[in-house]
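Read the single chain below, which is given as structure tokens and is the form predicted alone.
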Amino acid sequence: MRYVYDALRMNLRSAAQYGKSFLMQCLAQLVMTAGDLWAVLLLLERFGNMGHWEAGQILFFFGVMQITFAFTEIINRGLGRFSDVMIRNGGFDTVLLRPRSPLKQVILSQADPRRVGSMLVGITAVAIASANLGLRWTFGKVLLLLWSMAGTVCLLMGLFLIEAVVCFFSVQSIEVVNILTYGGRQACQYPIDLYPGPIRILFTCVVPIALCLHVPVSLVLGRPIFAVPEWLVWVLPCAGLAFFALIAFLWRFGVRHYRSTGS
């Protein structure tokens, strides 16, 4: 844990060296994400409820997804730029020489604290939704929400890790994974049961964002998506950890077959 803390602190200090530039980039992220929030608010103002979900509940889902994805980008920038920085430029050769886990080094190599702006928008959306819904927070609800977000972060990191694994064999990343990462963020801003069957299956069985995030969040809101026991809802975020562990196994296979680009 000390290594993780030092790496994140070093990246933050590096980004803050040019204070005005750092603040402007955080502001740019805030404005762009605020545009998404504004679009959701306009949609809810025009149509009101969506299915059996109230406007405040939709806004709550939006905010939680924004917080989760922004935090993933903060700590996961190294995987997002793995093809450019580590493979084509030969940076991964240096990583393999160090007495640390290559995966841990890559993940922590380029933390991106500018995404704090996006996280603030998500926190604002959750606060507004909670106030409008009159949501009564308990320790159990807070813990369940944080646990579900942690599981979803692991799941999203696993999706970004898929791109990195493919780079060992093709050098270039595959853009189709972005359908599941950035596309998944856009789709899963709304409750999964609003979508037709194929999309539900995709984000429940193939990429289980709905299991890690939507089912626990729906329980926090007092309107469960699936009729499952409460203890099972606490177990579902483990799907994100299992997904990351599976892709991490494939990562180790890729590392064993890595061939330097010679850059």
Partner chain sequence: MNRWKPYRTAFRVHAVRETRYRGAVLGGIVTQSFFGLVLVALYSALIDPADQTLLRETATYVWLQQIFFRALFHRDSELSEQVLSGNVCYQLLRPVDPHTWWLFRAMAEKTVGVLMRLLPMLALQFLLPEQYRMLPPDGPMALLQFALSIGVGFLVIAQINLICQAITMVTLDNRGVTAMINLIMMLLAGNIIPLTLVPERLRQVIRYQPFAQALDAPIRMYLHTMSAGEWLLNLGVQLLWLAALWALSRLLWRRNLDRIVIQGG
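Positions refer to the first chain, counted from 1. What you see is a predicted model; the values in this text were computed from it and never measured.
Separately, the form predicted together with the partner chain exists; it is not shown, and the next lines address it.
- At least one heavy atom of residue 179 is located within 4.5 Å of the partner chain in the predicted complex.
- In the predicted complex, no heavy atom of residue 11 sits within 4.5 Å of the partner chain.
- In the predicted complex, the partner chain sits beyond 4.5 Å of every heavy atom of residue 222.
- In the predicted complex, the partner chain sits within 4.5 Å of a heavy atom belonging to residue 186.
- 31 is the sole member of 228, 201, 31, 235 with a non-hydrogen atom within 4.5 Å of the partner chain in the predicted complex.
- This chain is displayed alone, yet in the predicted complex one of 190, 92, 168, 71 has a heavy atom within 4.5 Å of the partner chain; that residue is 190.
- Of all the residues from 18 to 40, those having a non-hydrogen atom no more than 4.5 Å from the partner chain in the predicted complex are 25, 28, 31, 32, 35, 36, 38, 39.
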